[in-house]
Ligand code: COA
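In structure tokens, the next block holds one chain alone, the form predicted on its own.
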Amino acid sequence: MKRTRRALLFVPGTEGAKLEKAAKLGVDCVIADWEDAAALSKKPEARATTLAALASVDFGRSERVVRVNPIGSGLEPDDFAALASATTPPDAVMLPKVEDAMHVRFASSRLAEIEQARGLPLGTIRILGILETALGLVNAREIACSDPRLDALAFGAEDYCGDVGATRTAEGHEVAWGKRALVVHAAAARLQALDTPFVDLNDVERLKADTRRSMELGYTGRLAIHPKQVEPIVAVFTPSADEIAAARRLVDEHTRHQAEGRGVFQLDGKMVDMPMVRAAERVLARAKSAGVA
């Protein structure tokens, strides 16, 4: 069963105190960042600080994720060597700028070596891949089906816009195709779809509205870059009591009509067919995963 990933909080891998603080928040995932949040001269410090936190900090229910540097950057050999030396390996590794299925397979082979050395079951350490370039989106189908260790795909809007030469706008029309493409390929491969970070830290209402649109597209979670973004994101991806009650009623009515030999039926003046039933079942599944059903 996949972990619940509604909000995934990035924390600089160099900041031990912030990693400790994040571990106490109860967020679904804490991501120690060795890529963008660590300057080139600080990469060794990020690795050492993160590994120390993994070994000594109680993260509770939070999934412990490390974002390594991109495959092909020249930094990834040291990243995976550090992970191999960890007293406590992470639960998952996040791969940025995935552009080819071989990127995922390379990381998977390195993680398999770590698991074998530690006597861990194969596939224990999961992979979350970020698609944030034109090539990554073009190859999304092959990437999504590349390796059973891959658990989720995330969209990186800022890098994507930089790569294709788009201008970032509040409306987001320049990333509409990319966001839809990712969620479709993730769904086809039965992967979780994680939306891009919302970069305006002070506009909580727009964060909520934008995250709701993502959820309506089919995204299951979102990356966060500040602790104060966690609660609004979680609220959107957690069904409300009214939504749960309505979904349960629809599913129960479907079950009753099926037992009576009837397929399509009316409920509250609306015709109900299987797509609506499946949508209701997804609401109940999200509620169960979030622990509110």
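Being a predicted model, the structure only gives us computed values, none of them experimental. The first residue of the sequence shown is number 1, and the count goes up from there.
This protein has a second form, the form predicted together with the named molecule, left out of what is shown; the following refers to that one.
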{"property": "Region of this chain that lies against the named molecule in the model of the complex, out of 225-233, 57-65, 245-253, 43-51 [heavy atom, 4.5 Å]", "result": "225-233"}
{"property": "Leu128, Arg141 and Asp151 all contacting the named molecule in the model of the complex, non-hydrogen atom within 4.5 Å", "result": "no"}
{"property": "Contact label in the model of the complex: Lys21 to the named molecule, heavy atom within 4.5 Å", "result": "yes"}
{"property": "Contact test in the model of the complex: Asp33 vs the named molecule, heavy atoms, 4.5 Å", "result": "yes"}
{"property": "Any non-hydrogen atom of Leu9 within 4.5 angstroms of the named molecule in the model of the complex", "result": "yes"}
{"property": "Contact of Leu135 with the named molecule in the model of the complex (heavy atom, 4.5 Å)", "result": "no"}
{"property": "Interface residue in the model of the complex among Gly178, Pro89, Pro197, Pro96, criterion: non-hydrogen atom within 4.5 angstroms of the named molecule", "result": "Pro197"}
{"property": "Of Leu122, Ala170, Ala81, Leu201, the one that lies within 4.5 Å of the named molecule in the model of the complex (heavy atoms)", "result": "Leu201"}
